[in-house]
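The form predicted alone is given below as one chain in structure tokens.
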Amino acid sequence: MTGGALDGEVRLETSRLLLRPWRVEEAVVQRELWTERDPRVPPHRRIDADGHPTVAELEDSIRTSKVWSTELLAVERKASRDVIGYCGLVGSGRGAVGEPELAFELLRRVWRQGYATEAASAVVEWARSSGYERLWATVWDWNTASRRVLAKVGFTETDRKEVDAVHGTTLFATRRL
């Protein structure tokens, strides 16, 4: 894994992937992620009845929100140059201050190919080299694939949970670096 920040821009590279800031024209990939979300995901994280967020709204978010340039990086396959999702660290997670949350989401068509584990491993290594001591991750109890990815990159589920009778229980996991 190689990578780092140049002028505040994070770029990470693995054998198969490049993690980098999003480009406005890639909002269509973000929209596809929104359309694929499990129906158990809370409504504010899915396309609403009026079709929001639209591609234009997501384009605007890429232009204006630092989350898409420094936190949740586009995951691009180097061989095909296509963006397949995101992976990164969000500082506004539900963990302790100074302990960001690892987050990732990939398009269904690339599931079960090891990309999530590869991207998450790169982000964990970058976090370690950046001086973080611990990372958090949250995952729905029913999301066994993401729970497996977190275990593969060294996260341990804690006793902390947030129970939601409608959407399922959110599990909290941590990783010491």
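The shown structure was predicted, so the numbers you read here are calculated from the model rather than taken from an experiment. Note that residue numbering begins at 1 and tracks the sequence as displayed.
Missing here is the form predicted in complex with a small molecule; even so, the following discussion is about that form.
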Handout entry: the small molecule contact in the predicted bound form: residue 105, any heavy atom under 4.5 Å
Key = yes
Exercise for the section: Decide whether residue 30 counts as a contact residue for the small molecule in the predicted bound form under a heavy atom distance cut-off of 4.5 Å. Expected result: no
Practice task
Mark residue 129 yes when one of its heavy atoms lies within 4.5 Å of a heavy atom of the small molecule in the predicted bound form, and no otherwise.
Solution key: no
Exercise for the section: Verify the contact flag for residue 56: yes if a non-hydrogen atom of it lies within 4.5 Å of a non-hydrogen atom of the small molecule in the predicted bound form, no if not. Expected result: no
Practice task
May I ask whether 135, 173 and 176 each come within 4.5 Å of the small molecule in the predicted bound form, counting any non-hydrogen atom?
Solution key: no
Completion exercise
Only one of 48 to 56, 61 to 69, 111 to 119, 22 to 30 sits within 4.5 Å of the small molecule in the predicted bound form by heavy atom distance, namely 111 to 119
